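Shown next as structure tokens: one chain only, the form predicted on its own.
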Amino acid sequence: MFGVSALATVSVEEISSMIDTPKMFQFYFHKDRGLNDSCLERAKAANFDVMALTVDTITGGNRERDLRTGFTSPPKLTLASLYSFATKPMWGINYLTKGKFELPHLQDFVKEGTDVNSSIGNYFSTMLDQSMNWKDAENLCSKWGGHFALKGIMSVEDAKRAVDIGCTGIMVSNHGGRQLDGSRAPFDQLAEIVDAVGDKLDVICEGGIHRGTHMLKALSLGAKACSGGRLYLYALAAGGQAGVERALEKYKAELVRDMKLMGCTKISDLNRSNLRFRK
């Protein structure tokens, strides 16, 4: 399943016209209710299969590297960025010859949806509704009317509450470890969450998935699936479509090879007897 964010640079309509495989829309709850309604209706009209509400990033984390480098999206032209363009000429060529930066789901509602320079942290901290609560999540689930997940669940209590509001899935995630410093890894509480709600909804492990063996460990604990962003985005940045295809081939080859080495012929063979934990 492919997931695309409300902050994507490609619209749900364009994605839907290109692929017919399962699709998930990652929803960020904005202060602008018109923007929220527009995102939901566009994803529904584009026949997306799942809506996932992000609940672990209601404000920007303290991304110190971004603060140090002055990183914004799109990039701000400074002496440092101009030097980067000069030493990596394809960056400059792409910047000048490719289409203008825009966020198609946002551009009709907020200026940050166009080519206005903004840091990710600043956007999250000012544009998202920090008063979002369980009732808002329940109302969004009801409006969507299909498969609905909460992305960023990190406790048994919240997992149980997700069941109560009608979710059909949860994504156990700490947003790639880029938000709350010192947060537990998703894998650390995966077992207790699966034990509590795994028979009521799909539990997906997200974050820290770098190898096929990481997927096998999460699936052995009872996760229904694994997901990741950097898992394919580094390959995309380095090699475009061919890079992503190569990365996915490597993950698949790892899964098949390692399952053979474990004596497993199907995913359902994966269980906790495969795992040992340090005392």
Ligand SMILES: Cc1cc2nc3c(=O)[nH]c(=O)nc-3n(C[C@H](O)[C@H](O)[C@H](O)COP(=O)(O)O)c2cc1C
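When you see a residue number, it is the position in the sequence shown, counting from 1. Everything numeric in this text was worked out from a predicted model, so none of it was measured.
The protein also exists as the form predicted in complex with the named molecule; that form is not presented, and the subsequent description refers to it.
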| item | value |
| --- | --- |
| Heavy atom within 4.5 Å of the named molecule in the predicted bound form - the one residue of 121, 169, 92, 208 that qualifies | 208 |
| Contact residue in the predicted bound form, chosen from 147, 161, 178, 200 - any heavy atom within 4.5 Å of the named molecule | 178 |
| In the predicted bound form, residue 228 touching the named molecule (heavy atom, 4.5 Å) | yes |
| Partner contact for residue 151 in the predicted bound form: the named molecule, 4.5 angstroms, heavy atom | yes |
| Touches the named molecule in the predicted bound form: residue 233 (any heavy atom, 4.5 Å) | yes |
| Partner proximity in the predicted bound form: residue 5 to the named molecule, non-hydrogen atom cutoff 4.5 Å | yes |
| The named molecule in the predicted bound form: contacting segment from 93 to 101, 75 to 83, 200 to 208, 137 to 145, heavy atom within 4.5 Å | 200 to 208 |
